[in-house]
Structure formats: C-alpha cells, structure tokens
Ligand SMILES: Nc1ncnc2c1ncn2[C@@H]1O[C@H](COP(=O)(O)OP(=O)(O)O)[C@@H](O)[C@H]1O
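Single chain ahead, written as structure tokens, the form predicted alone.
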Amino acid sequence: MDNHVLSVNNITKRIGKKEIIKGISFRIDKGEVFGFLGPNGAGKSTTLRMIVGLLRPTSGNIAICGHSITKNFIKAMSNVGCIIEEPDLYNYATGMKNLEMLGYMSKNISRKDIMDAVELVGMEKRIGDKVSTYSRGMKQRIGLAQALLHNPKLLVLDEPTNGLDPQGIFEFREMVKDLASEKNISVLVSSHLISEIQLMCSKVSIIKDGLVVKTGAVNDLVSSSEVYWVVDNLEKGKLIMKERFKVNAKIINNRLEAVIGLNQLEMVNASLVNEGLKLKYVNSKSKTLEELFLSLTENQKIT
C-alpha cells in the first residue's frame, strides 16, 4: 500500500493534439511542504488542477492517502483542501458567514470545526466583519480557513501569495509552515517567487515543458555548486563524468562546467587524475535555488 499522502505517477495531459503534461511523477510525505516551480506555460497549474480533480489526466495515476482519484474520487478528494487562484468569497457577508455557508454545504462540519479553522488562520478578531472590509491578506486567510474546514491531509495552494505585500507574504508563509509542523498537514504549493519556495518548502520539483527536470530537498539542491575544470583533454573528461558520475558536463570557453554536489567534487577530481588527465585548475561557486531554476529552465519556449 502507498503510504505517501500524495503520489503522482507518470501523469500526462493531452488537449486536442497538444500534449501539455508529458509524464510527471513526484510524491509528498506527511507533514511535508513541497514546492512546485516552473516558468509560465510549463504546466504547473494544469498539474495542480488534475490533482484536485478539476481536470482528468489523459494517462497515469494520482493517489491521495492511497486512494486513486480515477477509481475512488470521493474518498481521495475528502482528504484535500485547496486554493486555486483566488478564494471564492461573498464580499457582502462576514468572514464567519462565508465559512458557515460552506459548512452547510458539506457533510460533518461542526461549529467547532469552523472555529478551529478560524483560530488556525488567526482571524478570531475580524471574523465577524464583512469580507468587503478585509485586506487581500485577510481574504487569503479566510480562503485558507475554507480549505481547512474538513481537516484535510493535503493542502494544494496555487500561487497563494500573489498580490500580497511583504508582511502578508511572511505571515502566510509562517502559517503554512506551522500547519505542516504542528498539524502534520502536507502542503503542495506552486509559486513564481523562488525565494518564497526556498524559505517555505522542505522539498521542491522543478518543471519545464511539461516534465519534471529536478526534484530534491531544498537544502540538497542549494548545496550543489557550479564547478569549472581546466584539463588537457576536455572530451575525455566529459565522458568520465557522464559514465562514472551521471553528470552532464558542458564544454564552454575551453573548460568543463557542471553542477554537482560538493561531496562529489573530490571523487570527480580523483577520477580525472587517475585516468591520466592533467588537472590544471578547479573552481566552484555555490548555486542559489534561483540560479539552479534558471539554469534548468533556460530557453523554454511557450508553444
């Protein structure tokens, strides 16, 4: 049995003759905040819409808490809360009335569930005010409360900090991290704010042209370095890196360039020397998540 809160297994999405998603896979564990990064047109929102049941995958499978969304949709979706685009709120009603109306339409949501959600998002003092008086950040908090009403195991947030000021972004980020650490809720969050993903998430997938090009723990990804080698036989050095370390080095300006973990560097250097290459110069520069993202997604064309 799959013990992951979310399992996305080789999903594709074809619209007409165009394949938008080309085989995406990743998994999220309990209490994990998982980031989903990609340039505009890469397929982030399409993937998230399939996960929350707004679109049907052409092939592949999505399972939430072990329940396939194609075979057991209701059970799978009972474990999901989401904010896709902006929260859907009635501005003429109070924050409490908005939550109560949603509660009435759902099964088994009690007054206590509503008050617990209000407390989790820190809106106790303003919950009786009309939504029309709320700031954008307050509306986002109410949207988050809506998503939390039925105590989901998985939260899916699509660009949740769009339009928020720096204070609002900070507060929302801390709420998400607290939900994961204190309530053991898993969170999948997409954002174009790479620095926010780095601060909020423990793990990240980077998507390009409908494919995941990199997945890993944020700390591991940013511990990678851009390394430059000057050797007397560039083609041989490139082949050694590919065959022994699965590293795709490039030959640029008469030197080898590659992104590797610093724990690999000593082994790579030793292999180059042991194979008879003259190692003239080595230098490294640590990559930020932004630099890694840009290097992996460069030259993507929107078609």
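Computed from a predicted structure; not experimentally measured. The first residue of the shown sequence is 1; numbering continues from there.
Same protein, other form: the form predicted together with the ligand, not shown, and the subject of what follows.
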### Query
Considering Pro39, Gly60, Gly66, Gly261, which brings a non-hydrogen atom within 4.5 Å of the ligand in the predicted complex?
Pro39
### Query
Does any heavy atom of Ser45 come within 4.5 Å of a heavy atom of the ligand in the predicted complex?
yes
### Query
Would Ile15 count as touching the ligand in the predicted complex under a 4.5 Å heavy atom rule?
yes
### Task
May I ask you to state whether Ile20 is within 4.5 Å of the ligand in the predicted complex, using heavy atom distances?
yes
### Query
Using a 4.5 Å heavy atom cut-off, which stretch among 45-53, 271-279, 232-240, 246-254 contacts the ligand in the predicted complex?
45-53
